[in-house]
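Here you get one chain, nothing else, as structure tokens; it is the form predicted alone.
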């Protein structure tokens, strides 16, 4: 994988560009892809953003979101665009399997794949160019760096700023996570200087949910939360019946794991959700417990040191038993946490 800086001299040559992200995109995935979409479009490139799956309704406000293709419903059109693309930017994921049913098409495409991502252990052999930096707060921050380092900071305007701000804000937990370094605040300063209205972004992301989501969260905390004090661990298990009962939509479970992590004395928090075709797990930790390794070892996943996820095909009950067995295997690391 060549350094991404090698494409800077090529940015002036209009190309057919596809920009994609991981399945079930979050704020950083959608924000970084749309931020890059607006930037490359301003440079004269022919750009299309493709999501492997649908996304949360609370992301629909983002400028350009109405142009994003959903691969699950528009796969034929997306396949043609990928096959014809000169460049395929891969943002906020670093293993092709994270794009679900798109993975084989991405691998077969003749265009050069370009990585911009901040997760661990990238599949570097499938990318021609790339920037993989686990020290960065978000992929949105990395897209900002890409724009600045390519010499085009003056092309940043309100739409680009809104998308990138949404991404960096959500991935830093509203700027409270340790990944919020000085560079993040400098980035926000530059975005605000160029038209960002940050309060509008906050309202769209955090003050725009249906009543059913809050009733679901209340039910989950009251009836599905287990505490394992001997392991400083909290687990929320969500059966498919709860998703149906509360009409849970894509994005409604976002942030649920953080409620468990906010309990005093908890070092590891997990949410395991039965989505029918698979069981999805989300892990968060404090201090020195590595959930990236935990997710890779037991749950076919990965991510960051303090935030990771995984997927399993086994029934929910078996996945929960696997989680409890994993706690026992990690008892020393979990139970020696000092507060």
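Small disclaimer: the values here were computed from a predicted structure and weren't measured. Residue numbers count along the first chain shown, from 1.
Not pictured, yet referred to below: the form predicted together with guanosine-5'-monophosphate.
- Not displayed here, guanosine-5'-monophosphate is approached by residue 303 to within 4.5 Å at the level of heavy atoms in the predicted bound form.
- Taking the partner from elsewhere, residue 280 is found to have a heavy atom lying within 4.5 Å of guanosine-5'-monophosphate in the predicted bound form.
- guanosine-5'-monophosphate is not shown here, but in the predicted bound form it comes within 4.5 Å of a heavy atom of residue 119.
- For residue 94, a non-hydrogen atom is located within 4.5 Å of guanosine-5'-monophosphate in the predicted bound form, even though that partner is not displayed.
- Checked against guanosine-5'-monophosphate in the predicted bound form, the residues 113, 98, 136, 267 give one hit for a heavy atom within 4.5 Å, which is 98.
- This chain is displayed alone, yet in the predicted bound form one of 307, 272, 49, 59 has a heavy atom within 4.5 Å of guanosine-5'-monophosphate; that residue is 307.
- The candidate stretches are 50-58, 307-315, 65-73, 31-39, and the one lying within 4.5 Å of guanosine-5'-monophosphate in the predicted bound form by heavy atoms is 307-315.
- Residues from 15-44 that approach guanosine-5'-monophosphate in the predicted bound form with a non-hydrogen atom within 4.5 Å are limited to 22.
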